[in-house]
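Encoded as structure tokens, the following chain is the form predicted on its own, with no partner shown.
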Amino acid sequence: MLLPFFEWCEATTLGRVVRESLWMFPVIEAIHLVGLCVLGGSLLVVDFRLLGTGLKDSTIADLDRQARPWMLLGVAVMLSTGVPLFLSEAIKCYYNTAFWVKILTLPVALLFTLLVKERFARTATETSTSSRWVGATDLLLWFVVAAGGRWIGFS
């Protein structure tokens, strides 16, 4: 049912340009991975604090406030580079289970991070059972997104 949409995506000018260029895909992929590092670092520092395993001299709320702009930058970089990467191989993605794992988990991870974790972290001061649950859930969701994305390259 979605195959015609994926065929259209791959036929777009941007998809064709990225696919036919010798250097465009690897350069965009490199920028995508830098975005992953920025996003991952900002998520990990807050999630580890929620779990009670890092930066115990800072409150959860302060750490979250400092990491949030980096997290949003990482998301913006990854989305803006992920779209052309997808367009260049949309039909391959359609038949790729790892792509579907990533693309279906990504909105869940984003919503959880922005609506649950961020709201919780704004008011949290110390590690608790609830903070551990939130941190572990956030880590798990983003791990699935990252693992799905990484596995796309092997499929």
Partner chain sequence: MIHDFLTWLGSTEWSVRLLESLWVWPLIESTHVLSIALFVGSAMMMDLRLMGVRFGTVRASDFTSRLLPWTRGGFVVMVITGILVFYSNPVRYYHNIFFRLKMILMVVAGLNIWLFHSRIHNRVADWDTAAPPPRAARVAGLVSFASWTLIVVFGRLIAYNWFDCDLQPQPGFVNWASGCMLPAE
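What you see is a predicted model; the values in this text were computed from it and never measured. Positions refer to the first chain, counted from 1.
Missing here is the form predicted together with the partner chain; even so, the following discussion is about that form.
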{"property": "Contact of Phe143 with the partner chain in the predicted complex (heavy atom, 4.5 Å)", "result": "yes"}
{"property": "Exercise: Leu44 in contact with the partner chain in the predicted complex, heavy atom 4.5 Å", "result": "yes"}
{"property": "Contact of Trp8 with the partner chain in the predicted complex (heavy atom, 4.5 Å)", "result": "no"}
{"property": "Distance check, Glu118 to the partner chain in the predicted complex, heavy atom within 4.5 Å", "result": "no"}
{"property": "Candidate stretches 108 to 116, 123 to 131, 45 to 53, 94 to 102 - the one whose heavy atoms come within 4.5 Å of the partner chain in the predicted complex", "result": "45 to 53"}
{"property": "In the predicted complex: members of 50 to 68 within 4.5 Å of the partner chain, any heavy atom", "result": "Thr53, Gly54, Leu55, Lys56, Asp57, Ser58, Asp62, Leu63, Arg65, Gln66, Ala67"}
